[in-house]
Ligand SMILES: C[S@@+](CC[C@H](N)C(=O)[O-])C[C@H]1O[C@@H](n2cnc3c(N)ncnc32)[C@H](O)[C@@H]1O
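Only one chain is included here, represented as structure tokens and corresponding to the form predicted on its own.
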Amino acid sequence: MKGNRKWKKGKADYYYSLAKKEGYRSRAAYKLMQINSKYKLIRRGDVVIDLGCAPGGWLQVSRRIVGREGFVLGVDLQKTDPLPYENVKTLILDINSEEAPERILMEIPRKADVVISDASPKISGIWEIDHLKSVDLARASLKIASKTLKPGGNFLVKVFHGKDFKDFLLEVKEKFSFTKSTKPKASRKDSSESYVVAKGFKSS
């Protein structure tokens, strides 16, 4: 059993070590790379909103994909160290606040092509509570996406599995033409997280 635990830990640390080696701020960067490679959510020249962006791994990946022609806005409750690009900005903001969508729209050059969210609640260790908090954050992200995405835009959000997961998935399906739940290889095997991929925003 001890050997098995050590193997799992070593596998989980692979992406952490790779992130350090390749200059990414978090191992989560590889989750976005793997999802985007499969679903083509973000493309060169896109305007991207990254919710829950700290420490900035997804900002780095998004900027690499959109290139000089695109724009990336990171949003988080805590300060995120800036990236050395003129077309990457960060905003300290609570995504649950009523003013969040309007504040975000003021910071981007046009309606977004993609909204991504890796936002996570403070983990209590009580599975039911953590799940409900995760769904609340996912719903806040969906609300922002609904108000900031252009017609046909794409959405990606992390959600912890639990009793409200299917209901949230249905809420996303109502707003997008394609919806899929996925778990990238870079996610830890024992993690309850999944990512909801949605394409083709149906603007009202």
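We number the residues from 1 along the sequence you see. Everything numeric in this text was worked out from a predicted model, so none of it was measured.
If you look for the form predicted together with this ligand, you will not find it shown, but the lines that follow are about it.
Although the partner is absent here, G152 sits far enough away that none of its heavy atoms falls within 4.5 Å of this ligand in the model of the complex. Among residues of the shown chain, D94 is one whose heavy atoms approach this ligand to within 4.5 Å in the model of the complex. For L77, a non-hydrogen atom is located within 4.5 Å of this ligand in the model of the complex, even though that partner is not displayed. Among residues of the shown chain, V88 is not one whose heavy atoms approach this ligand to within 4.5 Å in the model of the complex.
Using a 4.5 Å cut-off to this ligand in the model of the complex, not one of L142, S146 and F176 places a heavy atom inside that distance. Screening M33, L169, I65, A54 for any heavy atom within 4.5 Å of this ligand in the model of the complex leaves a single hit, A54. Annotation for 119-140: interface residues with this ligand in the model of the complex are A119, S120, L137 [heavy atom within 4.5 Å].
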